[in-house]
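So this first bit is one chain, no partners, the form predicted on its own, shown in structure tokens.
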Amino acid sequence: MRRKELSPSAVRAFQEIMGQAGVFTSLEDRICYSFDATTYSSVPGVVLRPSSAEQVSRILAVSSQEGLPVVPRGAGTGFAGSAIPLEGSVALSFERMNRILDFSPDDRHCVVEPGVVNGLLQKHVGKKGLFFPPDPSSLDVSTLGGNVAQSASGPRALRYGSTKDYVTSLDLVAGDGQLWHVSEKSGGYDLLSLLVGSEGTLGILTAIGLRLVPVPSSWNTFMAYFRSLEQASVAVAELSSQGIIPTVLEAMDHVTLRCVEEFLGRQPSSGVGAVLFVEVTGSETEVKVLSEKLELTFSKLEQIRFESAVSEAERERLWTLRRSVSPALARVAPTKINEDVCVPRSKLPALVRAIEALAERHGLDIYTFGHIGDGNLHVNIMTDVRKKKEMERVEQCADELFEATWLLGGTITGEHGIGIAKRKYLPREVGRVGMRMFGEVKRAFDEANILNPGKVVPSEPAHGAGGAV
């Protein structure tokens, strides 16, 4: 179907569906929905804020008839550019669809609309001793629709996995406006697994069924200090080889640590090159046994010191250190290019050496932290998108980082997704056959190519979008 410009008749149709309160056409309003956490931006033709699945269905029916691209978005916290609208497209914001539709503590299950904020769900189900394990650092603002679209994870992913491990059902709207439902109990092909992490390119979510788990009865939180990130990565590889799997195993290099300590007004950790943040949870016996194994293993490694939280207040102090990374880095430079490369844990020392060499070779400030227990490191290049020459070095650095990751048997995205930011690299990762399969899947679900077009599968350029990668 040939794509059309947004017409006055389409705007009137949308207003009939939602009323004036759900349709935004002013430039000021549309600019507010033109960006996410990347350097990309593009102004949509109209912003729609539906309040029900029926409204979403009618919106898609009109958009399909008009040939208008529809780009769903949650809170805009993603690092892949998946929520960036095409110029003149329909930006479909789910901030009004923010209800918990069903909560069954006995079944450890809930059903939510896509606009429910992760952190608010955690508080709601926590009153019944349950929690939803995926906890991205943006959990206080990111929505569950976005978490499902990207299959978000977080610090607890090492033990509990990512969003895809907890989605039990999805209610969606197809590109032609038809409503449909898919469940883990559905027969035939496993469409549920295909849809989670599809970045809004195969269907528009209207309801999400989620599996919940009991809050652990016991915990122990540690901080291990090392002279370098490479030594810390060796420790992670050693834990992995021994089969020691904590709930949380996070890393920060020395520049990130100092940045966070300064941000929090804390005394800097002298002589420290990296830290590992470690937490074990479970029954009292499980925690005791695993803690002893951790302490014994760390005692044999090249660490500076090893400390344990002795109270809930001390535990929260350590967690505050980890959760403050993003706001602390925001003060370093105007632009943050956040790459989430992931390699086998045994290859982490080699990846760390490669990152350090890249920073030196390209003369760039790189801050490294992340879910190192999964082999996932967030490589943050701190720069300024307005500096053209420097951004050319940034792009070259990213190219070489991804190449080094592939050579180590890794992937260019451990949790952020592909979107626009990594679309051009995907053929190198999955090959010609993989890209052909992706294209055929996209066409099968969205023949008219109106569902978040140009994301993941390069179907056409995202007009108006710009950025470093």
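Computed from a predicted structure; not experimentally measured. Numbers for residues come from their place in the sequence shown, where the first is 1.
Absent from the display: the form predicted in complex with a further copy of the same chain. The rest refers to it.
- Taking non-hydrogen atoms only, residue 344 approaches a further copy of the same chain to within 4.5 angstroms in the predicted bound form.
- None of the heavy atoms of residue 10 is located within 4.5 Å of a further copy of the same chain in the predicted bound form.
- Under a 4.5 angstroms non-hydrogen atom cutoff, a further copy of the same chain in the predicted bound form has residue 418 among its neighbouring residues.
- Within 4.5 Å of any heavy atom of a further copy of the same chain in the predicted bound form lies no heavy atom of residue 291.
- With the partner omitted from this view, the residue of 320, 104, 218, 242 that lies near a further copy of the same chain in the predicted bound form is 242 [heavy atom within 4.5 Å].
- Of the candidates 198, 162, 376, 206, 198 is the one whose heavy atoms come within 4.5 Å of a further copy of the same chain in the predicted bound form; the others do not.
- Site residues 108, 180 and 430 are all in contact with a further copy of the same chain in the predicted bound form, judged by any heavy atom within 4.5 Å.
- The stretch among 410-418, 57-65, 34-42, 396-404 whose residues place heavy atoms within 4.5 Å of a further copy of the same chain in the predicted bound form is 410-418.
- Shown without its partner, the chain has 426, 429, 430, 432, 433, 434, 436, 437, 438, 440, 441, 442, 444, 445 in segment 422-451 as residues with a non-hydrogen atom within 4.5 angstroms of a further copy of the same chain in the predicted bound form.
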